[in-house]
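Take a look at the structure tokens below, where one protein chain is shown in two forms, each on its own, as structure 1 and structure 2.
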Structure 1
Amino acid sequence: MAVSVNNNFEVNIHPVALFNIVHAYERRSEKFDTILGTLLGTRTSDSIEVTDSFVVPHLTHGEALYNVDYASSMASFYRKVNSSQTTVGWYSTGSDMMAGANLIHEFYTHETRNPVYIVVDTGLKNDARFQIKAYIGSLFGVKEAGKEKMKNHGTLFTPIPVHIVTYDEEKAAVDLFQSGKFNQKFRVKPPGELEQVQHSLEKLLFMLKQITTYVDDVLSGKKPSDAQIGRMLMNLINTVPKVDSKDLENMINTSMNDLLMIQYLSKGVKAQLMLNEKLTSSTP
């Protein structure tokens, strides 16, 4: 028997891919209790980064009747839009691996090298948590007598670590969605430019206060010193440009004035468009 597994391999999945999976699951036909689809992203020698996904039609949950032509065509369309994204694996929804997963996985071995299989528990059956499991498939078999090649007898799925990672833009969107939990109507509204600046400054001041409190506690002996944290703080200080306080204040004021001017002009243009629309609609 021969099994090839990289124990250091891991999967990083972005919220956009998860949103597409959940959206497709919520809009599925009532006769299906699961959905299947393709994962898109990039790969390195020790990890796969899943940045997007799309659903692939299939017949029933119990049978592995997968529309491979649709999967191949959609993957080629996605590559035309974004050439950096390639097929990296596939997914299914449910609390555990689906029946016939080895047959579908075999198809994806012809589409990409070492495809990953991700199971997303959209039904929230396991402790009411949104669980994600990732597997890497490895062929296993036994060499026949008098033959050099090994005869494959199946696919062995090995669990690998999976992490949810975000870009800065995705993190901002996720934080905005999370704020809807505290709204009775579950509605969210993107903050304005000045509100974002205010929120960023408040967050920055809070973090600076935490850092200064920690440094003061270390200097006074209340907390033990940590060389790693000290090096991180030194690197942080070295990244700050050396600018005179007056020049820095002038730069901030100039940027703020530019922001206010853009906001003023955008509101003026919006008001003019609304007025023009009302005049046009009222004219016989």
Structure 2
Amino acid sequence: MAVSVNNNFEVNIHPVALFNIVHAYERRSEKFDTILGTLLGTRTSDSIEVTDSFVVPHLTHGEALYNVDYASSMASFYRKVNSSQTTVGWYSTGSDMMAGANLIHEFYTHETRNPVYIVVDTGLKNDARFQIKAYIGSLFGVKEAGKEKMKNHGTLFTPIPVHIVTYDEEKAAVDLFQSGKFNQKFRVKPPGELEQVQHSLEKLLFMLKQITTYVDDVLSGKKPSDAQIGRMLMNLINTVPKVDSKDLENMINTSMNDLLMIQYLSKGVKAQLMLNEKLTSSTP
């Protein structure tokens, strides 16, 4: 039953799963130091993508009595919502692997083919960083003389690399939350419409400034020139379309007319609402 591991197996984890773990950790009952739960996601031949997680209550910490029914019922709820999401592994919190990990890992090998075990350090023990480590288990044993099958002695956990990946919308949301970290009361509001435009513009200006200072430095000889960066810059300049000024004015005017018409129409609808209100409320 030896499980072969591809050499470049890796785990891609979405922020949602991590946030879920932290949330459950904050709400754990007082007798536990660590919590554990199931990871959900999809798997390909050489990577696992973890898209969600949920916590499973367990009875005692040392003996790791696991609540199997709870795990399977919650997994079925999640499957009803999205049928492609399956159990891909499990997690525990703490600075290192928990005692009794191999038992739980064995349970998960029954659920899925090659479960991944992730340890999230919520206690911030290892130089105050949020360490996320992932392991793949492989059974090891000794081949008995004269017998075909190996005798299993246990599970060997091999660490594999972990990357955090996001969908585009997730990235936008996470970036929004980043600005709430250093706020006075740790709050951040979702941006208003024009604020968002201003924000993007500022970012664009910042990036342009960096490029111009770099180019200035290269021209004055302070920095060595790099052919690749030069080519990329040239591509960048070429993407700005060269349009005849009259055509450009036409294009911009027509787009503006469209948008203004839509605004006018929506204001017209609102005026209609008001009129209707007056008419219906002034009946005898």
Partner chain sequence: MASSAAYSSKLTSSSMSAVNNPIKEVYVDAMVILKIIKHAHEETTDAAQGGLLGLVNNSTQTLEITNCFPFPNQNKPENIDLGNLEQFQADIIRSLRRVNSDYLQVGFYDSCFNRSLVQAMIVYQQSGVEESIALVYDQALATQGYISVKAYRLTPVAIEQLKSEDVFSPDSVKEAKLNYDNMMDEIPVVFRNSHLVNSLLCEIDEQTPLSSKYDTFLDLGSSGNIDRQLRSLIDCVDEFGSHAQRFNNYQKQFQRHQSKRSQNDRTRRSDGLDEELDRITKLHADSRRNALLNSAQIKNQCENITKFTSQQLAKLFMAEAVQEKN
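Here, residue number means position along structure 1's sequence, counting from 1. Think of the rigid core as the biggest set of C-alphas that the two forms share within 1.5 Å after superposition. Since this is a predicted model, take the numbers as computed values, not measurements.
Between the two isolated copies of the chain, the form predicted in complex with its partner chain corresponds to structure 2. Superposed on the core, the two forms differ at Asn253: its CA moves 2 Å or more between structure 1 and structure 2.
After superposing the rigid core, the Cα of Asn235 is displaced by 2 Å or more between structure 1 and structure 2. After superposing the rigid core, the C-alpha of Thr44 moves by less than 2 Å between structure 1 and structure 2. Relative to the superposed rigid core, Ser225 shifts its CA by 8.3 Å between structure 1 and structure 2.
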